[in-house]
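Presented as structure tokens, the chain that follows is alone, the form predicted on its own.
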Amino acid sequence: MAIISVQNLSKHFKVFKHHRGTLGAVRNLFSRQHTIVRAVDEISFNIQAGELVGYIGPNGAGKSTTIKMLTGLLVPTSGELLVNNLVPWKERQKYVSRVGAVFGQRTTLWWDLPVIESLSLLQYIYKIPADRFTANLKEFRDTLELDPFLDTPVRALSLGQRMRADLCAALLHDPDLLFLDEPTIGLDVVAKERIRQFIQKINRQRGTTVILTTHDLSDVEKLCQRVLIIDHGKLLFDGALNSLKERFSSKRELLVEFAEVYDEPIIDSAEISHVDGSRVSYLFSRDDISASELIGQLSAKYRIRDLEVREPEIEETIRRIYEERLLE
């Protein structure tokens, strides 16, 4: 069942031309020339209930504009959009009661109030039954480790603490859909991993649909099985992360530890990229040879102690798509 249905969705903005100088100021009063910026240009996709989807693209690609339409903050120029069978900007009050949102750069909590008081206010705003509120708060206090700063004003929290509090606030009312915009921005490695584990848990155990927008592609790689890629307002890719890597990634890497040191352990269809004693790294193209075939050729010629196949980093794959426009 599709929880989000987007058909030919577009958002265009008028950008007025500004003339400089005294005469230019006069022209600005009487001549309002403008150009049309197609921030989002006829994109279509469906997202099923329970999916965890990465929505990625460079700055200015149209990610934020799309999310603002999905959350009801912007009205589209054209196209159709349904979320939970509701039109977000038309049925706003009913709609927001079923979604949650966390924006890495902004908080939804009250700046000068202790965290626990902000959460208590949200109980009344969302009309959360007392037993449900108590159960959710207890679970999130445990999994997000909120207790050390529940009585601390939001303005005094560290970035990692605030992000955990915002995640709790966004999920107290059991939303069907959660929008996450840069949820790990500025966090250290430990804090990032804690947030990622929590996102996975609420997606798998609660079935919450999650839309993740981020510039940290390691978030996408560790959390998402499906990705949408947008650039210049156009949807360039919609599919499984693995298929994206298989289709557009460059060379794979085979790390081999031989049982002894060989002078030149050369093999067809692969090039040696690094040698460290008995450890040798090979680069190969999936179009030329499979990993199993390459391993078979090596095993036939040399004694192997251990080996590992590494896929290219997702950053490299996405960068190639942006730079070379491989999907056009």
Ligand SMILES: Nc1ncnc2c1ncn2[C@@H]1O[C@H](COP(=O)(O)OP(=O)(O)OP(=O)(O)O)[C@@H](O)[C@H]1O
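Please read all numbers here as calculations on a predicted model, not as lab measurements. Position 1 is the first residue in the sequence shown; the rest follow in order.
If you look for the form predicted in complex with the named molecule, you will not find it shown, but the lines that follow are about it.
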| property | result |
| --- | --- |
| Touches the named molecule in the model of the complex: G60 (any heavy atom, 4.5 Å) | yes |
| Contact label in the model of the complex: L283 to the named molecule, heavy atom within 4.5 Å | no |
| Heavy atom of H215 within 4.5 Å of the named molecule in the model of the complex | yes |
| Interface membership of A39, the named molecule in the model of the complex, 4.5 Å heavy atom rule | yes |
| Heavy atom within 4.5 Å of the named molecule in the model of the complex - the one residue of E182, E257, E91, E117 that qualifies | E182 |
| Contacting member of Q297, N46, S278, S64, with respect to the named molecule in the model of the complex [4.5 Å, heavy atom] | S64 |
| Which of 257-265, 51-59, 270-278, 287-295 lines the interface with the named molecule in the model of the complex (heavy atom within 4.5 Å) | 51-59 |
